[in-house]
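In structure tokens, one chain follows: the form predicted on its own.
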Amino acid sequence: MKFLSKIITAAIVFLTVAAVAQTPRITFKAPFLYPEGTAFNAQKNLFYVSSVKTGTIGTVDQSGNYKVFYQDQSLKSSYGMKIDTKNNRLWVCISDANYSDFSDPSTFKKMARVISLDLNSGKKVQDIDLSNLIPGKHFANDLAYDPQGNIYLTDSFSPVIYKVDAKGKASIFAESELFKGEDVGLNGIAFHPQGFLLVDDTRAGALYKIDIRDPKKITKVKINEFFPGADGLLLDDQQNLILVQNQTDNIFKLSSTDGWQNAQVTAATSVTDRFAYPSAVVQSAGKLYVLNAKLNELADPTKPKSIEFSLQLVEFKPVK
């Protein structure tokens, strides 16, 4: 019994230390929401979060209060989102890829839309269909935009990146054999001010560079590691690339000195942070927050379903 007591005491100490070591979280109660994308509105000091279950788009304040911002059953599921501060819009990827409560045969793995919402009124301003641009399955997953107002979107089920110009015209921007495969492929996307896109591939664990001026110029970034389960991307103020890997619940910081022909992992989060299937990363007041999406719970019917989710502070440790 004395030996057993020591084991129990050691376990309690370990769990206590692990809990203390976690970085701070903004926890919000939104039963069964399962958010996948997030954006931050600096003017209103609010986070926006999507939902793979209902498509509902909500806001989360710094105290963790969740409110519905826009709701529409036709959205099926909502995913990646970005704020266009110039036009006061929130752009959101809409699909019916897997876990929607409102899924039906006419939209399941067929829908690919992007909508914009007015940040003041919460009303839908634009609703652009992408699904007729290329045959096959569709999953509009994430988006980025350039200073000219063009939006670039990944399709995780088709080997393409879409473009929606400032006038709302949609087209196929880039297509490649590199993007082909089964299940979820292209995912996170970021625009680099030097005139190219960086896109990760969940299936291959790879990172691609696509020239904005010549979208046929697609190269695989050379990295000493690969990232299966790669999800959200963000370029920070120093043009480091922040990459979310949900398969291992890790966040990485990558840098490049040659225009992203090659890249190196310079920092990563700690296992003691205990992220919960992170999906997206956003910057708020100079700090990075990752959305703990917990989507692994939806893939496993034996797991209890969550009523709370969180945005967790990212603190990197250098990689030697």
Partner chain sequence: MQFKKYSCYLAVLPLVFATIHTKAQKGLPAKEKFTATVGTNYPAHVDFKENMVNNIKVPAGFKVAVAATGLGKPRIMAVREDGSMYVTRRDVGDVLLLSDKNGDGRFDDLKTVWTKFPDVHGITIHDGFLYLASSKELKRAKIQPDGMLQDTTTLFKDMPDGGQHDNRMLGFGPDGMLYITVGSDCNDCAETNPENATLLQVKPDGSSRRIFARGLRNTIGFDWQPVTKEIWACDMGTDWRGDEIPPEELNRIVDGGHYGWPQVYGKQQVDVTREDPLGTTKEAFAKTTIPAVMTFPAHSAPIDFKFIGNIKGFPQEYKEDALVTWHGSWNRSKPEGYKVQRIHFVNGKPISVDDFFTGFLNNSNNTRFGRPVALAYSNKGDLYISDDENGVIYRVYASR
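Computed from a prediction, not measured in an experiment: that's the story for all the values here. Positions refer to the first chain, counted from 1.
Below, we turn to the form predicted together with the partner chain, even though it does not appear here.
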item	value
Contact flag, R89 vs the partner chain in the predicted bound form, heavy atom cut 4.5 Å	no
4.5 Å heavy atom contact, S270 and the partner chain in the predicted bound form	yes
S106 within 4.5 Å of the partner chain in the predicted bound form, heavy atoms	no
4.5 Å heavy atom contact, Q148 and the partner chain in the predicted bound form	no
Answer range among 210-218, 116-124, 189-197, 246-254 for contact with the partner chain, defined in the predicted bound form as heavy atoms within 4.5 Å	246-254
Heavy atom within 4.5 Å of the partner chain in the predicted bound form - residue from D236, D183, D165, D101	D183
Single option in I134, A170, A204, I83 placed near the partner chain in the predicted bound form, where near means a heavy atom within 4.5 Å	A204
Stretch 281-320: residues contacting the partner chain in the predicted bound form, 4.5 Å heavy atom cut-off	P318, V319, K320
